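Next up: a single chain in structure tokens, the form predicted alone.
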């Protein structure tokens, strides 16, 4: 996989001071119609597992719209929803969990219907060379190993616990990380013998992390929804960004990073 330029995270408290929150127009779909002028910043809060794919999406979208600056705010889906609920001026929410997006919709934060744009599955992730000799899910019950998952309430953590429950494994954990990239980093550095991450995150590590397949009858599929937010500062840009994600070009980028098409 060719190197990607790093995604730019944004400190939302700073952006909140710099940008006035505006209500989206009633007819958002028309405002983002193909050919409409799109300018300014588009702030996209996206699940950490989308880091590499959305960096390429950002570059492609900006190339097609020279007057636009896409800024990515990456983190755990639940934490991102909390930021939005607290008034962060976000244009687009791309989550790894439909439940978080549905909660945002119930709170009146979403404009229109969220759309599923990608899927992902899980793998057991181990450091290169597998120094702990991990062979599968049963290793997560071994207290002699250094083991980690994403925290409860984080999509990768909840899904991993579902997989382990299906396998009849009660995990013996050393750490619970706030998002999948934090977990992946500890595995890359050899601080953990194993964790459960998304397949796409193992691929993004470029060989420094090895992935062990989870049996299909135990694995689960994560569905990724995307939505324009009701108080998006740049609703026209937000709608255009969502259209791009759902386009053939956007889906092709996601596929190259291992995401399945919705």
Partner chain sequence: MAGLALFALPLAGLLARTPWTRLPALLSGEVVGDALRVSAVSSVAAAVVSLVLGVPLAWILARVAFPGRALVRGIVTLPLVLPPVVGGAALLFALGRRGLVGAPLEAATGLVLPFSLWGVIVANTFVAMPFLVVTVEGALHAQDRRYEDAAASLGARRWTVLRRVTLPMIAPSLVSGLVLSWARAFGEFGATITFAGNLQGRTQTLPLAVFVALERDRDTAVVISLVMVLVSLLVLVALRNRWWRAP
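All values reported here derive from a predicted model rather than from experimental measurement. Positions refer to the first chain, counted from 1.
Below, we refer to the form predicted together with the partner chain, which is not included among the displayed structures.
- Interface residue remark: residue 89 is not counted as part of the site for the partner chain in the model of the complex, having no heavy atom within 4.5 Å.
- Residue 154 belongs to the set of residues with a heavy atom inside 4.5 Å of the partner chain in the model of the complex.
- Contact between residue 192 and the partner chain in the model of the complex is found at the 4.5 Å heavy atom cutoff.
- Using a 4.5 angstroms threshold between heavy atoms, residue 186 counts as touching the partner chain in the model of the complex.
- The candidate spot formed by 199, 250 and 258 lies out of contact with the partner chain in the model of the complex, as no residue has a heavy atom within 4.5 Å of it.
- In summary, the region of this chain contacting the partner chain in the model of the complex, judged by heavy atoms within 4.5 Å and restricted to 76 to 84, 162 to 170, 134 to 142, 114 to 122, corresponds to 76 to 84.
- Taking the partner chain as it sits in the model of the complex, the stretch 157 to 183 comes within 4.5 angstroms of it through a non-hydrogen atom at 173, 174, 175, 176, 177, 178.
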